[in-house]
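Only one chain is given next, in structure tokens, and it is the form predicted alone.
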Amino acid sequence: MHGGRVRRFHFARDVEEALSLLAAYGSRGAVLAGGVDLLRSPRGDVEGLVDITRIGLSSVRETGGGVAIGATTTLSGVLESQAGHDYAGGILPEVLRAVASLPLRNMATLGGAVVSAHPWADIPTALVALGAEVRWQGEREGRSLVEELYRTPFRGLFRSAVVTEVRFPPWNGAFAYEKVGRTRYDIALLNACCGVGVEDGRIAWARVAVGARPTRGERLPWAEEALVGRVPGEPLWNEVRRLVEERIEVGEDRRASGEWRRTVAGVLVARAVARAARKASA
């Protein structure tokens, strides 16, 4: 850790002890689960680390068509679970295999991905598209749709609270994920997670989220509205591609220009929606 200021390392026995330790350290404490973010961006002000990997928050279970995943479950743990594999047309393995490399997936946890929520990250875009709900324990129990949480200054909340679970609702349809990066293991230059349900030959509902724009993933309600009630097929996918190119808000950074992102966003959304529709119709 930067500056060598970490003086104590604690293995919390339960959530209550973890919260007590965080309260004792105040702003000088930090939760440790996978540790990927602490290694990547070390905090020089941390004096005490509170390891929460032994408090029973590593699990993946089916919940009436949805899935509930404990916060300290590693990405590899989700990939290896049957419940995670079966959910919503296999979208979770599709997304998680696009995250970094196997050694990092063995370390990184789903709760950590929720809290770090880097704009270029793959998982936040999928969480928003899937309508995931995050649950935590602080002074009191809390819960929020991830989409709504990301509209708030959420990082301050988790200085004194512990994420306990992420819940994914059931969907009568399927999702697909698309990403463009410089290499297979690099962060996204742009990503998209889209889902549809198909009933009587028409799209009954749609979810479209685009991330790394370079801002964090957000839904595109106008793109969803353009899909609902329509017949799946190439003419519709081409229409959606043009619509996204015309209306999406993007920025530029040292990795990609705004013009490039605008064009590629249309392609990624069209691809993801088309694949989701094929899976939903199978």
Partner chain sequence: MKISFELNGELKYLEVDPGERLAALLRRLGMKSIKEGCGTGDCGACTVLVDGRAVRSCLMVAPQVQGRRVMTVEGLGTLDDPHPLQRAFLDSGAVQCGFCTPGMILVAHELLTRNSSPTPDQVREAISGNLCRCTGYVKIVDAVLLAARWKREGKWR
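Numbering follows the first chain given and starts at 1. Note that the structure is predicted; figures quoted are calculated from it, not measured.
Another form, the form predicted in complex with its partner chain, is not on view; read the next lines as being about it.
Exercise. Go through 232, 35, 70, 214 and name the one with a heavy atom inside 4.5 Å of its partner chain in the predicted complex.
Key: Selected option: 35.
Which residue, 144, 106, 172, 160, has a heavy atom that falls within 4.5 Å of its partner chain in the predicted complex?
It is 106 that has a heavy atom within 4.5 Å of the partner.
- Message: Quick check on residue 82: any heavy atom within 4.5 Å of its partner chain in the predicted complex?
- Response: Output for residue 82 is no: heavy atoms all beyond 4.5 Å of its partner chain.
Taking heavy atoms and a 4.5 Å cut-off, does residue 185 contact its partner chain in the predicted complex? Yes, residue 185 is a contact residue.
Might residue 204 be said to contact its partner chain in the predicted complex, defining contact as any heavy atom within 4.5 Å?
No, residue 204 stays farther than 4.5 Å from its partner chain in the predicted complex.
* Partner proximity in the predicted complex: residue 224 to its partner chain, non-hydrogen atom cutoff 4.5 Å -> No, no contact at 4.5 Å.
Inset, instruction - Choose from 43-51, 23-31, 224-232, 241-249 the stretch whose residues reach within 4.5 Å of its partner chain in the predicted complex, heavy atoms counted. - result: That would be 43-51.
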